[in-house]
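Take a look at this single chain in structure tokens; it is the form predicted alone.
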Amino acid sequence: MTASTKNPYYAKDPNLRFLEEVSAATAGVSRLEMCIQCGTCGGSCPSAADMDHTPRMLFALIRAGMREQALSSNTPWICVSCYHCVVRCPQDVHIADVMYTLKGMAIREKLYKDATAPDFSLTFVDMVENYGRSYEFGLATRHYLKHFPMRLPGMAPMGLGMLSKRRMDIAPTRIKGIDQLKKILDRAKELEAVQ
């Protein structure tokens, strides 16, 4: 049941369609429409100082139907998923889950100011889909070669130390049962396409 079937007000106001879309795309029940704009989320966030909009402000943009401004915000990419905001929210809004939804929407619609975080996210997901886990050496190497090539030589001592202490492998390894994981992920993509 979507927000519009619960509350006819949503169907009458086209600005609320974006709010409804974000809520419907969020895993579980986002409770985004319950936000009372109290600001507890931003006050609880350890990364708020680096966000161009606090979560409260971002939710106001969503509620106002300002899709492009909301999806191009750096806020979802700065969110560290600590869930402190979720724990403190008086309305039990699933803020971190909404941030994941906004990241996915921004990637699909290519509405982000800086490709660094979306590229990292896509590379990480690609590695999990192919190996069943993160491949740290490949992830870091690919990320730094694409976005920060001049920093890569400075990272070499740390990388060599991790390799020598066996904290990181130079070659990727697949998990057992990767075929089962791929079936689960394929089914999840099918279900997502239906919505």
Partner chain sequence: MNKYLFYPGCSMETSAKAYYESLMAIKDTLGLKLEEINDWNCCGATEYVGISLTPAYALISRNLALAVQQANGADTVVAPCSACYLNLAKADHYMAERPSLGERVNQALAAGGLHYDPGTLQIRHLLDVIINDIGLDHVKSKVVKPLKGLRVAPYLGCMVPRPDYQKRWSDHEHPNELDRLLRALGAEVIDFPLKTHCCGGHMTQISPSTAFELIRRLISSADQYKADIMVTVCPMCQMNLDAYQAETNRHFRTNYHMPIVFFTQLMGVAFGMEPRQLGFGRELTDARAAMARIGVEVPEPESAKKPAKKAKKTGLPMPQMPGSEQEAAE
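Fair warning: this is a prediction, and the values are worked out from it, not measured in the lab. We call the rigid core the largest set of C-alpha positions that still match within 1.5 Å between the two forms. Numbering follows the first chain given and starts at 1.
There is also a form predicted together with its partner chain; it is not shown, and the following applies to it.
*Asks:* State the residue from His53, Arg63, Arg67, His143 whose non-hydrogen atoms include one within 4.5 Å of its partner chain in the predicted bound form.
*Replies:* That would be His143.
*Asks:* Even though its partner chain is not shown here, does Cys79 get within 4.5 Å of it in the predicted bound form, heavy atoms only?
*Replies:* Heavy-atom contact with its partner chain at 4.5 Å: present for Cys79.
*Asks:* Going by a heavy atom distance of 4.5 Å, is Cys38 a contact of its partner chain in the predicted bound form?
*Replies:* No.
*Asks:* Report whether the minimum heavy atom distance between Lys113 and its partner chain in the predicted bound form is within 4.5 Å.
*Replies:* No.
*Asks:* So in the predicted bound form, does Ser72 come within 4.5 Å of its partner chain, heavy atom to heavy atom?
*Replies:* Output for Ser72 is no: heavy atoms all beyond 4.5 Å of its partner chain.
*Asks:* Quick one: which residues from 95 to 128 get a non-hydrogen atom within 4.5 Å of its partner chain in the predicted bound form?
*Replies:* Asp97, Tyr100, Lys103, Gly104, Ile107, Arg108, Thr116, Ala117, Phe120, Ser121, Leu122, Phe124, Val125, Val128, in sequence order.
*Asks:* Compare the position of the CA of Gln180 between the shown form and the other one after a rigid core fit and state whether the shift reaches 2 Å.
*Replies:* Comparing the forms between the shown form and the other one, which are aligned on their rigid core, Gln180 does shift its C-alpha by 2 Å or more.
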